[in-house]
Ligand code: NAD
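Below you will find one chain, with nothing else, as structure tokens; this is the form predicted alone, and questions on how it binds or moves follow later.
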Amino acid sequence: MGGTATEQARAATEDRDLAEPVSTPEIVSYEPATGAEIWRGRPCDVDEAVSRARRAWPAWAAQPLATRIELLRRFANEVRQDAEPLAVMIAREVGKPLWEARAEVDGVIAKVETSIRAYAERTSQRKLDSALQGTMAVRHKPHGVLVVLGPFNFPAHLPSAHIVPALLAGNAVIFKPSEKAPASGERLARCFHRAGISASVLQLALGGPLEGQGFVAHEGIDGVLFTGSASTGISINRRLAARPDKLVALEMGGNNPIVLWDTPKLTDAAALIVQSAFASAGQRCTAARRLIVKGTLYDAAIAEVKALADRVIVGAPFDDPAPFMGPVIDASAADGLTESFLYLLSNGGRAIKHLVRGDESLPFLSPAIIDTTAMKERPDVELFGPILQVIRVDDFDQAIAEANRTRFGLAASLVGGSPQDYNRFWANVRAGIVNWNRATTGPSHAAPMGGVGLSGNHRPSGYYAADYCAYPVASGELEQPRAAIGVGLR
């Protein structure tokens, strides 16, 4: 879920690709940390995948809810048994430290019970009885065949956050992992299949942009559940704008602010800021991109943040000691981030900590901090990597205005301040996740996960994924017909 200063040009290219698809070659996955090839495979046949899912869906939807729950709990057990190999594959394929990959696998397991609770709460059956009017019932139905388009940064957890609630609701799912993380997606799909969920009900569909576009446009798809960049999400939304019969749930990125206000605990504040900006090498949709600092705290706070960022270990997934962050996903991403940092620097930005790429052949980047207060126009793009922009402000109204100076609206955090400050911040900041003295990253499994503006289309995932995986049906019911017309008859 990212971009660079050239995001608009890339968006135009993606839009053209939607209209003029080209064939996808063989898909090859490389380790970011070493450049070594770890997986290759052929893209799927889109028409065949959709046809297969449509044939499998009615029987799956007809299963009792208890059966679907039991099979998904078996899936969680399969993931537990495969936890270390899955974590190792994630770490190798996307470059994140092994400790972080293990935490991702734990998130996949936890998602099952959370989804079961959410389904019971958000889509429970309700009945209202009236002696003469019979019963008014509210129940939920699955949509049919949903395609899940997964991202590379959390190649198991984020797709599972769509797949598990969708299967639980009775949908058949076609899962297309990111072409940058196909091996992790394949290993995740095997866990579903070993649990007893048919390979037609949860279907792995490998492919690149062409296959993704094919699924989005396919008549046999009832909905698209997407996690990724804003530019791609907008293209999906545009493609389906004239199809209100198609469900579209877009979980996109953010140009997320973290505001530092009055606090004596600058060491703790610095830890929250570094965690927000540089976890996963900045490749989280909830990562803090902009640090907005009260002027009187600026010197001391920036010194603390820089000192901690200087201590961050950047390394390969299995290094000892364990790194805090690994490489970005590939050389293209590293090149784009380098270009973006140079753009900021040449247009009024002042480097506090330079972006350093030690080996031009590999995508390892150091954490970077740049003061952009003096820039006349700060680009409102999601720099999907370890670049933190600092903006100095004088009062709290200015801080809130600066936080809202974005088309995105995913996450925002206030560090420090009083309860009254937080109340003002919460009420006035446009974001789907608003935290106080917490990092912008790591949203709760038991809460909705989504945003406004270019961050999403008001269909938050997380706990609220149950809302878009099934639709409510209202039914007026009587055991025998009973009616009379009391007015207007001769």
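Please read these numbers as outputs of a predicted model, since none were measured by experiment. In this text, residue numbers run from 1 along the sequence as written.
The next section is about a form of this same protein that is not shown, the form predicted in complex with ligand NAD.
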(message) Is it the case that residue 410, even though its partner is missing from this view, gets within 4.5 Å of ligand NAD in the predicted bound form, heavy atoms only?
(response) yes
Considering non-hydrogen atoms and a 4.5 Å limit, does ligand NAD approach residue 176 in the predicted bound form? yes
- Using the partner position in the predicted bound form, report whether residue 384 sits within 4.5 Å of ligand NAD, counting heavy atoms only. yes
- Task: Indicate whether ligand NAD has at least one heavy atom within 4.5 Å of a heavy atom of residue 349 in the predicted bound form.
- Result: no
Testing 314 to 322, 144 to 152, 354 to 362, 258 to 266 against ligand NAD in the predicted bound form with a 4.5 Å heavy atom criterion leaves exactly one stretch, namely 144 to 152
Among 340, 406, 232, 280, just one has a heavy atom within 4.5 Å of ligand NAD in the predicted bound form, namely 232
Only hit among 118, 158, 301, 197 for heavy atom within 4.5 Å of ligand NAD in the predicted bound form is 158
